[in-house]
Structures are given as C-alpha cells and as structure tokens.
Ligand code: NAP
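One chain is shown next in structure tokens, namely the form predicted on its own.
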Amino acid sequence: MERAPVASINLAIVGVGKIVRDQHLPAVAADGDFRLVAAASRNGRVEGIDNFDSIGTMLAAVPSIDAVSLCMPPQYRYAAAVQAIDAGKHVFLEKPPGATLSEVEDLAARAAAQGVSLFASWHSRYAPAVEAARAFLAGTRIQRMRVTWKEDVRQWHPNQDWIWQPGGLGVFDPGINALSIVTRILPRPVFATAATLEFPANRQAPIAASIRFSDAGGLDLAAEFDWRQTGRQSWDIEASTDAGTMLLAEGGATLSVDGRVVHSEPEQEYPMLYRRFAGLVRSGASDVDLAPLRHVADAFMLGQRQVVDPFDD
C-alpha cells in the first residue's frame, strides 16, 4: 500500500509526561515540517490543541492526523502502536521502542504491510559528537573500550514506579542510551559474553548492571551502569586505540583524543530526531534498529542476579 506525500505533517503525541514537556514539545514547535494537532494522555494535557484520554478516541475524532509520537512507558506502547498503524498513521517510538524484541518486530512488519513509516528513535545517537567518534574509530584499531553510565535515579526518574516494573528496564532505561551509541560508533557488531544485574530486594528491575562484550576479533569491551550515583553524573565512553585514547563524554556531547577536545557542539538530539522522522515520513521509509534493545535482552538472559539493599524514592 502506497501513501501520497503530505505537505505538512499533522502530528499527535500520546503520553504527555516529563520527556514530552522537556524535549518533544520544544522540538516539534521549532520544526516547520510538523504541526501539532492533538494529544492523548491519561493525566497530561497540552495547551492550545485538542486533548483526549486515549489514542483510540483521538484517532476517531481527528482523522487529519498523519503521524503519532508514542511516549508512554514501553509496557503500553505496542497496543497504541497497533492502533495507530492500523489507522494508517506513521509512528515515532520513544526509546526503548517496546517492552520486548518480538513486539517491535511485529510492529515493523505491520508498518511495512500498511505502507507507513515506523521510527525506533535512539536520541543519544544524535548527540553532537557521536558521528565524529564513529569516524575516528573507523580509522584505527580499537584495543579496548570502557562504558561508564552512572546517574541518580532520584533526579531523573522521581516517583516513576513503571520503570521498576517488569518491562520498565530499570537502570537499562538510561543504559540503553549508551548501548545505542556503542552500536552506532563501533565498526563491527558486538555481543554480550557475561553480565551481572543488581536488583533491589523490593524491585523487579535492576538498579545496576555490569556487562562484558566482545566481537569476532576479540574486542575487550566492558560497560558499567548504575542508578545510585550522586554528585557528578557519568555518561562516558572511553576507547584505547592505536591513534590514542578517545573519550566520548557527557552523553556524546564532547569528543576528546589524548585529552584534547576535537569535537563539541550544543545538544540538539530531539530536533534531529524529528528531522529524521520527517524524512522517513516523506520518503515512506522506516528506521527500526533493534541492536540496543537486543543487547539489553541478552544481558537479562546471561546475567547473574544479585539482590541488593531495597530502594525507595
């Protein structure tokens, strides 16, 4: 099924929470390709547009919608995506794209059959220095890589119980951002070889994780994720290479080689995501890379479970 190109993309947002207010709404407002026409959320509202309590009610009431951004917790995203795709709408999936690999693969097949675009967005891949790091690593031999992704869950996810429930991913909610960068910048695919996951005694998702990776050439890659960090937050990827020590710091904002900054720009992750989404919609293409989510799934399969002290907000 083919769709005619649209001149202006009428967008709806589903799940109006912190990430929508902090990132999606400003990015959409600044993007001339999109016009925000509606929102659906159980609790949140967006001023100046029509608001609904459910995606089904919204789709029935506003047939002019061309695309939807799904920003609710991943455990509830599949059902909403099916409704949107079956209604012929292009779909933007916040990260992680779903609670399981199988459901996202099914969405991709549905989108292809329906002739609509599906975008599994990985915002950290659009951090300013990621492509510079990719180019640097492509021109040298990597000896080893260390990923350190440690932050304070109380600061970034206060009172968000869904994130501790099955499918919420726990510390992998931020950790998958690091994995999305790693899978973008490395010249060859990697696979997990061992993992340790730390679960608070009163939670169903990990608060910390350690993963070892390798590749066909025997790469030494280790990643450390922790949600208990206070003070300075750590979002760093360091690689020892034949061309020097590379440090991709601040979540991908700054690239240094042997201590010298070689690339640094202001962050524009969500504006670039929407630019990419507009291009997919206009071309009728999809972008559904599941490598970061697959690595998380592998970590759960391989991981040794360790019970640690209970955690309360």
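Numbers follow the displayed sequence, beginning with 1. None of the values given here were measured: they were computed from a predicted structure.
One more form of this protein, predicted together with this ligand, exists but is not displayed; see below.
Peer 1: Select, from the options 211-219, 154-162, 104-112, 128-136, the stretch whose residues sit within 4.5 angstroms of this ligand in the model of the complex by heavy atom distance.
Peer 2: The contacting stretch here is 154-162.
Peer 1: Considering this ligand in the model of the complex, which of G244, G56, G44, G279 comes within 4.5 Å of it through any heavy atom?
Peer 2: Of the listed residues, the single hit is G44.
Peer 1: Using a 4.5 Å cut on heavy atoms, which of H123, R184, K150, K89 is close to this ligand in the model of the complex?
Peer 2: Of H123, R184, K150, K89, the residue with a heavy atom within 4.5 Å of this ligand in the model of the complex is H123.
Peer 1: This ligand in the model of the complex: within 4.5 Å of a heavy atom of each of G15, K18 and Y270?
Peer 2: Per the other structure, all of G15, K18 and Y270 touch this ligand.
Peer 1: In the model of the complex, does P96 have a heavy atom within 4.5 Å of this ligand?
Peer 2: P96: yes, in contact with this ligand in the model of the complex.
Peer 1: Wondering, does P200 line up within 4.5 Å of this ligand in the model of the complex on heavy atoms?
Peer 2: So P200 does not count as contacting this ligand.
Peer 1: Is it the case that D173, even though its partner is missing from this view, gets within 4.5 Å of this ligand in the model of the complex, heavy atoms only?
Peer 2: Looking in the model of the complex, residue contacts with this ligand include D173, since a heavy atom lies within 4.5 Å.
Peer 1: Even though the partner isn't displayed, in the model of the complex is A205 close enough to this ligand, meaning a heavy atom within 4.5 Å?
Peer 2: Output for A205 is no: heavy atoms all beyond 4.5 Å of this ligand.
Peer 1: Mind listing which residues of 48-76 have a heavy atom within 4.5 Å of this ligand in the model of the complex?
Peer 2: Heavy-atom contacts within 4.5 Å come from C71, M72, P73, P74, Y76.
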